[in-house]
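One chain comes next, on its own, written as structure tokens: the form predicted on its own.
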């Protein structure tokens, strides 16, 4: 279907839709932009140099990155299976994958404690090899991963669905193994969707609050005991809006810059 130029002689419906679109865009952009520009560059810089602020931002970004890498390693195979195979209970499994999106995230933190807490089976197993989750960096990672990995799996699944299965079959008839077919054909052709899902997973991870609040509040990190950025903003808000404003502006600005750069890369990859 051909596309028309929106600005060339728009009809009445297009004009109405443009106005409504402008309103929702204003609703989306106005709060973060107003927050960012409410603080001067000097104030933002001095805030960034504060120990609890920069350690919090580094903790948040690094934990979200590790959660995304683990999500890629575990989620991409699941996405491929869902895209390529039919089996009993597939619809139920796909619904289960999206459960973390609808669970209140404070409740998700409690649920994670019942699995990864030191008094429970998996928690005991990991503790025996020196990995703890409650009040630890690993707890931040699994909390971020739990609430954000559905975005990666769903995007990767759609990417694999878009790869013609006949290409894989031809490769197999020419002697390629299933592994070689996956890494040489399926994965490269679905990489854009996987990358887009990874960006969404990372972005969702850095914004997590509730599950981390329950599972890992202050955590040892780089010789400090910071909290993740969303909790830091909430903590500072307890002392007043003016105290929280520069931290919120800094977190929004950094998140926007990284997110826009990554989404631009994904968009250009789709156009290539």
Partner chain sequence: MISIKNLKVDLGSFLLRDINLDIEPGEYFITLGPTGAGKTVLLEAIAGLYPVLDGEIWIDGREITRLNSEKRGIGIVYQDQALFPHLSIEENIAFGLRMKKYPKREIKAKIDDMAEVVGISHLLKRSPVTLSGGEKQRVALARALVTEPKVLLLDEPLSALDPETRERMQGELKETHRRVKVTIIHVTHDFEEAIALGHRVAVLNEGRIAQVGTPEEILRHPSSEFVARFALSRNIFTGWAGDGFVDIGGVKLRAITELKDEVRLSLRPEDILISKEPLQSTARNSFQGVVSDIADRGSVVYVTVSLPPDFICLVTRQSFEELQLKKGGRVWITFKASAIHVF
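Model, not experiment: these values are computed from the prediction. Positions refer to the first chain, counted from 1.
Although it is not shown, the form predicted in complex with its partner chain is what the next lines describe.
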{"property": "Candidate from 72, 199, 171, 97 lying within 4.5 Å of its partner chain in the model of the complex - any heavy atom", "result": "171"}
{"property": "Single option in 138, 83, 113, 189 placed near its partner chain in the model of the complex, where near means a heavy atom within 4.5 Å", "result": "189"}
{"property": "Contact of residue 177 with its partner chain in the model of the complex (heavy atom, 4.5 Å)", "result": "yes"}
{"property": "Distance check, residue 90 to its partner chain in the model of the complex, heavy atom within 4.5 Å", "result": "no"}
{"property": "is_contact(residue 167, its partner chain) in the model of the complex, heavy atom dist at most 4.5 Å", "result": "yes"}
{"property": "Interface membership of residue 185, its partner chain in the model of the complex, 4.5 Å heavy atom rule", "result": "yes"}
{"property": "Which of 123 to 131, 98 to 106, 145 to 153, 158 to 166 sits within 4.5 Å of its partner chain in the model of the complex, heavy atom basis", "result": "158 to 166"}
